[in-house]
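A lone chain, given as structure tokens: the form predicted alone.
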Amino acid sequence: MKLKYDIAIVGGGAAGVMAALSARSVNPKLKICILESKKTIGSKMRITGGGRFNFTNNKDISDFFCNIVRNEKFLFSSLYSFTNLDLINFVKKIGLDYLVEESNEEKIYLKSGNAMEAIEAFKRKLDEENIEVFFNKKVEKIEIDGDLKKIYSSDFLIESHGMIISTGGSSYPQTGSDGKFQTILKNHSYKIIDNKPALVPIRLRESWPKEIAGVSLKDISISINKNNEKIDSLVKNDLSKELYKLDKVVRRGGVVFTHRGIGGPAALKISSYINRVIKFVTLEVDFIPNFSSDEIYKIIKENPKKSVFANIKDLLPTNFVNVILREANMEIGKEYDLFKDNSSNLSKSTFGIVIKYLKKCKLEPTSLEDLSKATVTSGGVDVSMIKSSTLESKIHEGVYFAGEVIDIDALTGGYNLQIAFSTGFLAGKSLAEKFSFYND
């Protein structure tokens, strides 16, 4: 079966849906369709924000760029074409309400806390706008060299004047974004940046975190240190850009210890920065950033007849304090015991070791959890092959890209979904305007 459309969109996630609606808003006469590999649209939207649909952030749009890990400058046109305020207004127009969690990094969620409510609203909007959606359609091949683009599925062929590719990355393959479309793009001369996991737990060489798996700390600070001894001249040349980005990276937030290392918001954020250079970095963790070293010293000395452990055990979970002071004790040796000796006998040098483990704890990452478990994908179509002002391909006229299929990713907080919606909006708008001859 062969069908013809003005615009065909491959991928029915946030970017693809917004691309279709954006194109429709430009031109009501266009014949638009979406091809989705799963049985519903927005499979990945359903699990964002723990199922609560953290679709954007309340910060000023200019503050979004410091939360984008890869190719933030490329997204300037997209984010300013369709800002977080635009997205909020759109959400309201399709009948949804939202709430801002100011104490939670200003994340914005659906008020209902149910992502399915958003998906159903998007479905209704697509129906209202007469946009056809084909479900369970896995694209096997495309032809994009001529004026008429061709999309081949197992049982039919779609021909279109313009195409938007919004097939996602490689994370959460069960949602349909399995990365296989990147192979198709490679066959059409697109450079694909290797996919790496982003926003994913970190595996550590140290064994002590495993002993307290499940324990969480509400607020810690993690910074990245480059291991210069491991960085030879060849690596510096190949990874200089990646390594340079690490110089000022410090992230705060919660952390949870796992059987392999650390997870939680702070660890996930750091993972996005080290996923390509993990062999050449160590982590430095401040487990108690709200207290200075001097303040901790005063707390320890306030009860001189008690042990260091007894004086600080209420500042952090007791089982964590037990383990971290045990590690410090091993370095201190027999001259002083943090669990038994009076804190009045604590020397400055021994206190320095305590601070080393509480506020300057060195951890060595060995790897990240698998890409299939990552929140987002780092990598994708090289941005050098896409016009940032329109998201049109530089090598195939009439072909556009949107969302996670592009080599762009951001931190947690609603930024990745905003990027998906913004790039989808710009791609749909740009393509519809390009084919303005349909306005007759």
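Predicted, not measured: the structure shown is a model, and the values here were computed from it. All residue numbers refer to positions in the sequence shown, first residue = 1.
Although not depicted, the form predicted together with a small molecule is the subject of the following passage.
Contact annotation for residue 269: none of its heavy atoms lies within 4.5 Å of the small molecule in the predicted bound form.
Though the partner is left out of this view, residue 378 does not reach within 4.5 Å of the small molecule in the predicted bound form, counting heavy atoms only.
Using a 4.5 Å cutoff between non-hydrogen atoms, residue 181 counts as a contact of the small molecule in the predicted bound form. Interface membership of residue 44, defined by any non-hydrogen atom within 4.5 Å of the small molecule in the predicted bound form, is confirmed. Using a 4.5 angstroms heavy atom cutoff to the small molecule in the predicted bound form, all of 137, 177 and 374 count as contacting. Stretch 166 to 174 is the answer when you ask which of 336 to 344, 361 to 369, 166 to 174, 289 to 297 has residues with heavy atoms within 4.5 Å of the small molecule in the predicted bound form.
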